[in-house]
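First, one chain by itself in structure tokens, the form predicted on its own.
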């Protein structure tokens, strides 16, 4: 793999795994816990956030040389709000039921710290293409995190996935999974898994270093 390709891949994978917004940086917890009662809600919020993230980072990067530092945050919010409005109307046009399920969390994408953080920390300092690649990785990582939460909660809370029943009539849904405590419980389990994977990786690295 050539150096430019490796760098591009590294930019993309940063948000997907190493700096996953949900399981590593623990960002965007409001939508992560509120809308993940089903897999379809989780995917829809993830895709909407990813679209806003990529488009806003691209525009922030393109205007970075012309934006005064004193008003950059206000400019970022205006840019993000423009794309959030487009997503808001698009979801209304596609499915009113989905729009009602996601509720105010669509509009709250404007103040999602993942998007503002990428705009300030990366897009404002890099050309459009690297900014979009990094944003795409971060958006995919956020979507994976939401889907991991939503799928587990729907499977145990409703005995289904994407509305398709998985168990027989004798299955008793775990009602707690569709309630706020269920969201915290599932998130805690996923965080524990990621922490265990990271510890194992660090342990192997120490063993390799000692053997050398």
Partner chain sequence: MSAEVTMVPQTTPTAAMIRTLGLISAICGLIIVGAYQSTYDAVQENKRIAVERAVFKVIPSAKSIVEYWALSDGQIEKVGAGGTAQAGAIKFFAGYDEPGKLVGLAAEGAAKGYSDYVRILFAYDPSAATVTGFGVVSARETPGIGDKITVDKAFLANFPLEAKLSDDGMVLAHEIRTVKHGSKTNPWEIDAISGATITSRAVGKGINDTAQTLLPRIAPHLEKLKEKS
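Because the structure is a prediction, the values reported are computed rather than measured. Numbering follows the first chain given and starts at 1.
Keep in mind the form predicted together with the partner chain is missing from the figure; the text below concerns it.
Three-residue candidate spot 41, 50 and 58; no residue lies within 4.5 angstroms of the partner chain in the predicted bound form by any non-hydrogen atom. Although the partner is absent here, residue 66 sits close enough that one of its heavy atoms falls within 4.5 Å of the partner chain in the predicted bound form.
Using a 4.5 angstroms threshold between heavy atoms, residue 102 stays clear of the partner chain in the predicted bound form. Put simply, residue 107 is far from the partner chain in the predicted bound form: not one heavy atom of it is within 4.5 Å. None of the heavy atoms of residue 160 is located within 4.5 Å of the partner chain in the predicted bound form. Proximity to the partner chain in the predicted bound form, defined as a heavy atom within 4.5 Å, holds among 98, 136, 90, 116 only for 90. Between the partner chain and the residues 79, 140, 132, 124, the one pair within 4.5 Å by heavy atoms in the predicted bound form involves 79. Although the partner chain is not shown here, in the predicted bound form the stretch 159-190 places heavy atoms of 175, 178, 179 within 4.5 Å of it, in sequence order.
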